[in-house]
Each structure stands twice: as C-alpha cells, then as structure tokens.
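Next comes just one chain, in structure tokens: the form predicted on its own.
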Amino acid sequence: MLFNTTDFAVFFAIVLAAYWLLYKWRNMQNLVLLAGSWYFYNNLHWSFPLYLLGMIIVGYTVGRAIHSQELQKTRKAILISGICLLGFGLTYLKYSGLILGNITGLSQWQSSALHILVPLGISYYTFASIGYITDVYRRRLPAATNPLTYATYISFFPHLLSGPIPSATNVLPQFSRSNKLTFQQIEQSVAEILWGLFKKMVIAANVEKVVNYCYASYEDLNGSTLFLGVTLFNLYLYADFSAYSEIARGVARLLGIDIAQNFKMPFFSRNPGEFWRRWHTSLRKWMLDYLYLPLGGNRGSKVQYVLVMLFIFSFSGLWHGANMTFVCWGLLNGIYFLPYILTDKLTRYKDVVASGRLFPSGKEFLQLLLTFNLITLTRIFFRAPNMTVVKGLVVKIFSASILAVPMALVVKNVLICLPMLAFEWVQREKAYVLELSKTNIYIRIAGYVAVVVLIYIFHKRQNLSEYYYFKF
C-alpha cells in the first residue's frame, strides 16, 4: 500500500480513529498499530510476514537473554549470536548471488537453491533489530518486557519499508508511555505529509520516465543529455526518497510517535561531509553508532581514518545492493573524503549555508555547486544496472558531446525540479520545509491549500510506482 493512494488515506483514517479512541489503554493502542501494520503489508509476498515474524521473535528473545545476564562475556556471546542470526537472513537472501554466484561448482546450485524472493525493506528492519539488541547490550535501554510493545515497534508501518531506521533508545520507549497530540504537532504533521506528497506526486512522478529513458537509451544520447539525465536522477531520488521519509514522519507523529528527520535539505551542502550529515540521516547515525565509532573513527592515524572511511562507504554500498555498481558508488563517495582528511580541511559545518542571507557568497555558491556535481557523478553507479552501462555513460559524459545541445525534454524535466529546490532554499533555516508558524493562521492554511491544488493539477494520475528505496 502506497502513501499516495486513496486506499492508504482510508486505511490511515480508520487506524487513526481507532488508535485515539483507545488513548486510555496503551496496550490496546499498540494492538491497533500492530494489526494495522500487518494489514498494511497484506498485498506483499507471503514470505514477508513469515520473515518479519522470525525477526521479531529473534530480536525480542535475544534482547531478553542479554538483559538477564550480568557476566559481560556471556552478554557479549549472546549479542554476537543474535547479530549473526539476524544478519544471516539478510546475507543469505540478498548477497548469496554476489558471494557464491561466481564460485566454480556453486553457481548452478546458487541459481536454484537460493532463488528466494527478498522480503521488501529487509535491510531496514534488520538494522533496526541489530541496533536494538546492541543498545540493550550497551545498557542504553532495558530489554522490552512486553512482546506486543516490541512487535509493534519493529512492525510500525510508517518507517518499516523505507526508513527512517528507528533508534531503539529514542523510539521504542514511546510505545510504552501514554501520549497526546497538540495542535502544533498536528499542523507540523499535516505540513510534512503535504510536502512529501508534493515531491512524490508532482516532482518524482513526472520526471521518473525521463530518468528511465536516459539510462535505457544511453547509447543513442549525447554527453550533455546524459549528464542532465544523471542530474535529473539525483533530483528524482531526493524527491522520491525524502517524500517517503517526510510522509512517514508526519503519519507517525499523528499516531503519537516521533521518528527521526531523515533529510535536512542535503543539496545545500558545502562539502561531502556536510552532505552525508543531511542525507539519509538515520542510516548515517546507525553506521556511526554501530560501525564507525567501534572501528575507531578518526581517533587513530590518518591511514586508519582513511581505511575506516573507505570501509564504511563500501559497507553502505553493499547495504544498498549486492552489485559491484553499489560497491563502486560507496568507494567513490569515500574517496571524496580523502583530500579533506589528508589536508585536515574537512570542515564540519554546524550552521546553515548563507545563514540570515537570501543568497550565498561566491565561495559558498562554488562549494554548493562542486558538492552537488560530485554527488551527481556517483549516481551514475547508483542507478546503472551493471558496470557495462556505467562505462557507457562515463565515456559519453566525458566526451566532446558534453558540449552538444541537450535534449529539450530532459532540460524541461530538470527545470520542473527547480521550484522545489528554490522553495527549500528559502526555507532552509526552518525545522521543516512547510514551517510557516510565524505567519498568520489564515496565511498558513492558504499555503497548505495551495500545495493541495498543485498536487491535484500536476500529479500523474496513472503513475503509482513504488518508492525507489523499497528495493533496499
């Protein structure tokens, strides 16, 4: 069930009403959320509920086992066993082809015995489960004693299929305490949902076919058209993925659950480091807490620091998919950090670019442009199905035809994305894009109605494609 459908609107209205009618009974509210979540997945392959149920049982049992032990060695052994159990399914289902497919004598067996449908969103709830048992091991939070509470947390439909990856320490306790909604929270939720729907239904839905055309027909297009096509994919991916995250956050808050802001206007970043602190922030936090810091982070020598960064980004690439294109995508992003690390010039910006000003300085503009184009080039690997297509795109883009006149259709679709970027630039210092809290209530309502009208006029009524990050 997609967020941008009438089916979801009806489903959510029923769940929301039932949930708040039972506001005096927390367990009953969780039961409503759990039942609603499993209904939300009712049109998925039969393997999904079975796999998710297995993940819930393993995570809950391991968490309780760790919590019941005082001996550190025993706790650590249980943690490692739990991580192996939870990670085995992800490794087996998603990466067996990459690991075994080219080994002599195993390729035929792999293609038959291991050809199992990968459950949707498997990486998200696997990481959420591993994060939970690790936090219990670190004594950041006690193990869940109520299986209903834990099952609701893992199954929670707004974030399960495409994030944000929930932090157990911050999110799990919310399913145990009573909650209420203020008018301000309701307004913020509605605003985030509206902006997410706008980006999905007006931006992503309109440019998706052109992006697919550019990658499918790269042999027939010139370098300038392909570069704009890759740029368009970068914009499409942001519009599509951040749309899901914003709708998920708004929906979750209306149910009394506060989840992470997954995107913080990443295209307004002055270097790759700032970009990755603003893009898919929940995955970055997971990597930081459970890989980067345990591996030493930047506390060792520069060589160690470089190796850790390259490993983290390679791991991130593999998290996205068992394909060499994703590994190369991750490595290239890691390589971007090397000049900054080796020269000790990786500025960790804490402020918003051009704070208090409408326009950036000349230096800031060049920083924004360079960072955007560096990230855009990595999208060649991210979207291409194999390295042959990557090679073809790179050869075309870095040829004399980069100076040719680009296809008008691609230019038109890039221009479609500019109003989204312009509005987000104006709102970049706000907590969320449609934050209009300092204006008159009637002006705010008029703004929300205007977004609804734009969605109605410009959305593609026949385009109900899944969100791009569902595949991860």
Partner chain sequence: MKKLLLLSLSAFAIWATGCKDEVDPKAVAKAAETKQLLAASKKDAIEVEKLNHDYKEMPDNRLFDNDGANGPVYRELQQRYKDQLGKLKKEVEERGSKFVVVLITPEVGREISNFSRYGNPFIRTTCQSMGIEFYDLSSAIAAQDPKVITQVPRDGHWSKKGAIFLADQLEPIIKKHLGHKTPDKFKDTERPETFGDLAPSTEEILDGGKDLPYKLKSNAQGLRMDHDVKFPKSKQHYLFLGGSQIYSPFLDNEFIATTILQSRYPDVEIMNAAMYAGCTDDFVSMWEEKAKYSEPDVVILQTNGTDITDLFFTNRNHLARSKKPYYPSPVEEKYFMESYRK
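This is a predicted model, so every value here is computed, not measured. Numbering follows the first chain given and starts at 1.
The following text describes the form predicted in complex with its partner chain, which does not appear among the structures shown.
Under a 4.5 angstroms heavy atom criterion, identify the one residue in L44, L409, I445, L53 near its partner chain in the model of the complex.
Here the answer is residue option L409.
Quick one: of R138, K391, K209, K76, which gets a non-hydrogen atom within 4.5 angstroms of its partner chain in the model of the complex?
The residue from R138, K391, K209, K76 that makes the contact is K209.
The chain here is shown without its partner chain. Which stretch in 214-222, 321-329, 278-286, 248-256 comes within 4.5 angstroms of it in the model of the complex, by heavy atom distance?
Of the options, only 214-222 has residues within 4.5 Å of the partner.
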